[in-house]
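Here's a solo chain for you in structure tokens, the form predicted on its own.
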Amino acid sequence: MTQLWSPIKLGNLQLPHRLAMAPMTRSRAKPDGTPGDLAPEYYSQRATIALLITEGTQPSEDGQGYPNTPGIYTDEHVAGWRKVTDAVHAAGGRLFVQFMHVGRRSHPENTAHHRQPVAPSAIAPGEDMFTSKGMLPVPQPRALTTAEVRQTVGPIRRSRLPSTTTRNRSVRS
């Protein structure tokens, strides 16, 4: 237990202790994927934890799987995350954004574009998931070509994060 409260350096980030908040999907974003108005308050209230890892955040339209989850691929999303980042920093915390491309765990009803989910292979999970129309079977995804996999990874590599980034593309301060 003595190490738990000891400072630690994580890459270029100096943390006051070794506690971190694991990502928890909140599903409180606006329908367009912009972090909701309560997001800055939610994360800043937890800023005394050395490191906050955000809820799963889709890096592209095709990465969304669940209703009202945040994105980070439009200017509005980035502006929403900037408010969160500023609030966390003002409270003395540090924040990493967790990218989450759900692949086959998606449903057209949960996305603005209503397209078939995409994944590395065309294998449906064989489960139901919550949608705006209630529980529905997850459809078979469309298998991505090798070129499309590169296109899918591209936005993650080039993400426009609302703060300085580390090599693994996490928001840091």
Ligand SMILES: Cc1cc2nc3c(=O)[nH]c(=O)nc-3n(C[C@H](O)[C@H](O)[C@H](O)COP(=O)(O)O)c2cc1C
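Just count from 1 along the sequence shown to find any residue number. What you see is a predicted model, and the numbers here were worked out from it, not measured in a lab.
The following text describes the form predicted in complex with the ligand, which does not appear among the structures shown.
- Just one of Pro117, Gly33, Gly56, Pro59 comes within 4.5 Å of the ligand in the predicted complex, counting any heavy atom, and that one is Gly56.
- Between the ligand and the residues Val97, Met100, Ile72, Val84, the one pair within 4.5 Å by heavy atoms in the predicted complex involves Met100.
- The ligand in the predicted complex is not approached by Pro16, whose heavy atoms all lie more than 4.5 angstroms from it.
- Taking the partner from the other structure, the ligand in the predicted complex has a heavy atom within 4.5 Å of a heavy atom of Arg26.
- Only one of 124-132, 137-145, 48-56, 107-115 lies within 4.5 Å of the ligand in the predicted complex by heavy atoms, and it is 48-56.
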